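Next up is one chain by itself, shown in structure tokens, the form predicted alone.
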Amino acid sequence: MSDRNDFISRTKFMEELMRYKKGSVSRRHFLGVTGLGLATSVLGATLSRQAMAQANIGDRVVIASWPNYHDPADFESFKAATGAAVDLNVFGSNEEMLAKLQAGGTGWDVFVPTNYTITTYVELGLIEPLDMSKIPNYDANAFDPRFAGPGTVDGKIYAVSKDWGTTGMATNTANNNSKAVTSWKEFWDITQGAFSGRTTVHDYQLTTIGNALKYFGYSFNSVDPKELADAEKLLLDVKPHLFAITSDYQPAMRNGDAWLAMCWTGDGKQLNRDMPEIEYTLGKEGGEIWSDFYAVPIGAPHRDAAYALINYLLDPAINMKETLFHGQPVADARVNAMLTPERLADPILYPAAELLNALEFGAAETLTNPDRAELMARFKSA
């Protein structure tokens, strides 16, 4: 199975989706052209059973997730199977997600937290232990415990693995006769030099501060006051040279306004796939490795629909379509068994061991550490 030829481009998919929504083409045509018909035939009776089991989940489910992180076709097929439309809320950082949940009234049914945040959600009573009987597509034995493990706290499963990845940098090598940036020191230095006005960094304190700390060889997770002061001075020096502080940086990279971006694996893969001159690399000093999860907040207004959506997205056939779209690797061995050897050898998705070994998972303390939060606020307002 090819991971490129069996699926139409996102542009073509959106064209066909708009035609279908306007009534210009039949449902049969839409499913056939987009490949959803193939997915449905593969799932066959499974989808029918899911549709019957989920017939009373309501007509809506709200998911809070990251930019460029889900295949719209999978949300459409979920609606076709269950009758529940998927509303997507996009956020740019785990701090933003935490603040919204603490404020209450988000209306979210499902959200997508990162590994290091889950214990905080449990301690604050913002997340419910999952009823695993409602998620039969989750097979714990199929998931790599390195990435799925943080979803379990005190023996209870609060979140199930979505995917995993790294935080690196994307360089448009067509600009300024440049080569791909391969270290965080180079990232920050070139931003103040040849790439001045052309760099984006995340609107997210974990990664932006963490990768500034790597400039000095400090831990990505440091909360040491002296080390944070060094990182803050660097960030304030760099601030006038930035194009933007944003976690949705693909548009600027695609249209040429930005030449360099702090970048997650999936965005790096999507950009490189469509524009090979944009290369994704990791900093040789280290940085972040992460895993993301599906979770249900306390008081989810469409709880049955939340479980139905999570279960649907974890069906290996659907999860395979998700990973081909968003470009993040997944921890599910059932999905990996369906991918081509070429994809499993992709250095963007599966970096060399020496690069991976230098990376750190985010630490829980960084989410609520006041010094890091205040540093990020000063940086953004400078």
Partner chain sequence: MFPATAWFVAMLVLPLIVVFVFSFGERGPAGGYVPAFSFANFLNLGARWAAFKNTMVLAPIGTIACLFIAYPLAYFLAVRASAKWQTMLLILVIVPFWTSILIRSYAWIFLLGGKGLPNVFAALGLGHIQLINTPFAVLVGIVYGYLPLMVFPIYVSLERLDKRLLEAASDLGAPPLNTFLSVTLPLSMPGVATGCMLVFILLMGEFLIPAMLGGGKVFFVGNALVDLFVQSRNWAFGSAVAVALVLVMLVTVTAYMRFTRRWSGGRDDISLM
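Numbering follows the first chain given and starts at 1. A quick note: this is a predicted structure, and the numbers were derived from the prediction, not measured.
Another form, the form predicted in complex with the partner chain, is not on view; read the next lines as being about it.
Not displayed here, the partner chain is approached by Gly197 to within 4.5 Å at the level of heavy atoms in the predicted bound form. The closest non-hydrogen atom of Ala373 lies within 4.5 Å of the partner chain in the predicted bound form.
Although the partner is absent here, Ser183 lies well away from the partner chain in the predicted bound form, with no heavy atom inside 4.5 Å. In the predicted bound form, the partner chain sits beyond 4.5 Å of every heavy atom of Asn177.
Think of it this way: in the predicted bound form, the partner chain has a heavy atom of just one of Ile118, Leu234, Val86, Ile245 within 4.5 Å, and the residue is Ile245. This chain lacks the partner; the member of Thr207, Ser77, Ser93, Ser222 within 4.5 angstroms of the partner chain in the predicted bound form by a non-hydrogen atom is Ser93. Screening 281 to 289, 226 to 234, 184 to 192, 254 to 262 for residues having heavy atoms within 4.5 Å of the partner chain in the predicted bound form returns a single hit, 254 to 262.
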